[in-house]
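What follows is one chain in structure tokens, specifically the form predicted on its own.
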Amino acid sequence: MALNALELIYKRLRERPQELVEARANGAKVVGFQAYNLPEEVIYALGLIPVRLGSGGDGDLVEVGGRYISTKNCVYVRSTVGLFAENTDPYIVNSDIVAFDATCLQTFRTAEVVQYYFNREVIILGVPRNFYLQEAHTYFAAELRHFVSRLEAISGVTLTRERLADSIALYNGIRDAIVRIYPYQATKNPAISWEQVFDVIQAGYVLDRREYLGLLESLLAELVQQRGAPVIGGEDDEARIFISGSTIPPGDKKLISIMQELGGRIVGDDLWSGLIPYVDVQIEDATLEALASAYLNRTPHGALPYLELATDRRIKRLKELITTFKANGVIYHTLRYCDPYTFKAKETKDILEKEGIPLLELHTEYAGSDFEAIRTRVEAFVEMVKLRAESEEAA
């Protein structure tokens, strides 16, 4: 049975670019951003329109971006620079201000290039490297206060406690709805697929956030009406695959389409373009200090250095999600020159193999030249996972 709310989300995505044009004509300002630890709540609280920038899967954009930034940067970074160079993407065109954080240092380099070559007004939010120290929280809170002061000057609005509390409540609602919707894709004979949930999450990058929460609540209500409470797992003939590693932004469908073709079923992820930003965010108070601490206390991004594997929250959360969604294999997807996640691939594989969980590392880019090679490796991995699952069931 079709999900009406899902179709409405896709429809609203098609309509959104023109809405931004009209909003700007009426005096609204759009903040286009690319970040991992930037509390979006402060943008919305100041009456600005937040829009997350970036797309993937287009080799031509990567080539264009490589004219302005080193080709040793990851393909997502080069693709982003390519978007600014071409200046035809509606979200790039309609961004009055561009914001980046410094979680990934390649993203910080993108900010420098965008400001230098394309004369865009750029704001940077500093991010501490030793995110687990108290000094890091003090530093990040100070950086966030400076970031907000820049936005206040642009918006002409002062961030009050009431404004921030209202925005935090809205974003908490979005996070809660996504966490409740997400398990439905991992059930037997699901009413919604992982790819569709992934699309829904990424729709929230650009849609008006208050409307987006309403759409999420409508989608959840339909899922509950059709299926009741989600029961994860069940007997199915497909390999249940968990996706980890580098970001998979809107437009990058290579791995997803290969998985669909080969009968592997994606049932979970810990991607920063997927579920992970919506879990573990516990904001204790409507203050910038509490907001800064909440963002540092959640599952850390792979670009932030942490060498104690026994206490690594990223690894801990990964294992918990694999168990929760009853995956029996992991595909660890890394983009070319995405050094943080590439370097973490072996340690992640070693840890999961001790748990009896097979992992396939795929190193890819946005060109189509590696499609068949990836397809061959995924096909072999999916078959292996199926055979392992069958043998374990027989035992």
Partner chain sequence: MSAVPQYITRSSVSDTAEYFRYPDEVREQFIATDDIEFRDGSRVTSLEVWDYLTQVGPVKYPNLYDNSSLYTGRLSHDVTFAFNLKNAYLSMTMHERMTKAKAQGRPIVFVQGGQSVDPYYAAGAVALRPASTGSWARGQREGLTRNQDELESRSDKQKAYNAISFEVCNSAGYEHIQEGNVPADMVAPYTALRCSDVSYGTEAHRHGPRAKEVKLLLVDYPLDHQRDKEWAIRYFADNLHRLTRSIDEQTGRKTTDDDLAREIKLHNEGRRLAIEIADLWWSADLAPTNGRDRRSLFLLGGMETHGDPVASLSLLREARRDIEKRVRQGHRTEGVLDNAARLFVCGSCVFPNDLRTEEAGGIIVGNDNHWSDITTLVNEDGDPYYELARAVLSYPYEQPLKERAGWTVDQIRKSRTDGVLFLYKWGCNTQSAIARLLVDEIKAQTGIPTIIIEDDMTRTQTEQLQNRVNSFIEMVS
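Positions refer to the first chain, counted from 1. Because the structure is predicted, anything quoted here is derived from the model rather than measured.
Omitted from view is the form predicted in complex with its partner chain, to which the following refers.
Per the 4.5 Å heavy atom criterion, its partner chain in the predicted complex is contacted by stretch 102-110, the sole one of 178-186, 274-282, 197-205, 102-110. Taking non-hydrogen atoms only, K254 never approaches its partner chain to within 4.5 angstroms in the predicted complex. Proximity of G228 to its partner chain in the predicted complex falls outside the 4.5 Å heavy atom cutoff.
Contact check for E261: every heavy atom lies farther than 4.5 Å from its partner chain in the predicted complex. A residue is said to contact a partner when one of its heavy atoms sits within 4.5 Å of a partner heavy atom; R240 fails this definition for its partner chain in the predicted complex, lying far away.
Contact with its partner chain in the predicted complex, judged by any heavy atom within 4.5 Å, is made by just one of L288, L304, A191, A85: L304. Residue in contact with its partner chain in the predicted complex (any heavy atom within 4.5 Å), chosen from R298, R314, R163, R209: R314. Residues Y337, C338, D339, P340, T342, F343, K344, K346, E347, H363 are the ones in 337-363 with at least one heavy atom within 4.5 Å of its partner chain in the predicted complex, listed in sequence order.
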